[in-house]
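Next up: just one chain, as structure tokens, the form predicted on its own.
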């Protein structure tokens, strides 16, 4: 039943990014060049390529009418070579049933594409539009394309910071519910940005001013973040050690090595101990802020 829920997206009317470009040509052109827009592709040898290649690309193929295979080898930019796919213990790959109750393979396609998923006659999954495009964030837009008004399209910039975190969390992992157990000491979990961001004092004490959109461009890939955004709340930070030319992010949102070939920025903004025997880039030294 969970798998079928994804197919029920057909009840919504998606217009596609080409329709959006009729009125928003510059924005659509800019967004089409982003890593989000390139999150899903098709290789010349008939495999789905998941990921824009910023860090890695994982390959998926249909095995038969009822199963898909996530290949055991992924391509990594750091090495420029194939190596074991994250979470895999061998090159054999992992098999997913198309209509399994947990809908894992459906979720993979849904988060790396836009619009409704369809099934071909061979029961292959066919995305409405490859990559994360306009309607992933703005919602199904056929009605808006036919009669553009602010009331029939979603504008994420008008959402609360918590709602934006939840919107991004639909694919990047939802913030943990109060009282739920989360292993914050597992480096692999750092890739779930909304989970860690939701714990940071900067998010919790910002009065709704700090959200994903504060630092990440909505229609283009963000350049490396400087201190301007941080200075809005911390105009004269007091440092106990010399910081030289280090950016705020390099110390307060340290990169965490989830594996030898993958590293992710820790979105739990805080004061970290990054050197010495008690170095820990996973959990800030300050008392953990809670909702």
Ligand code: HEC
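Positions refer to the first chain, counted from 1. Because the structure is a prediction, the values reported are computed rather than measured.
Although it is not shown, the form predicted in complex with the ligand is what the next lines describe.
- Not displayed here, the ligand is approached by residue 201 to within 4.5 Å at the level of heavy atoms in the predicted complex.
- Heavy atoms of residue 121 never reach within 4.5 Å of the ligand in the predicted complex, leaving it off the interface.
- For residue 20, a non-hydrogen atom is located within 4.5 Å of the ligand in the predicted complex, even though that partner is not displayed.
- Looking at residue 77, you'd find every heavy atom of it more than 4.5 angstroms from the ligand in the predicted complex.
- In the predicted complex, 60, 70 are the residues of 60-87 with at least one heavy atom within 4.5 Å of the ligand, listed from first to last.
- Here's the thing about residue 246 and residue 277: their CA atoms end up at least 3 Å farther apart in the predicted complex than they are in this form.
- Relative to what is shown, residue 215 and residue 246 are closer in the predicted complex; their C-alpha atoms differ in spacing by at least 3 Å.
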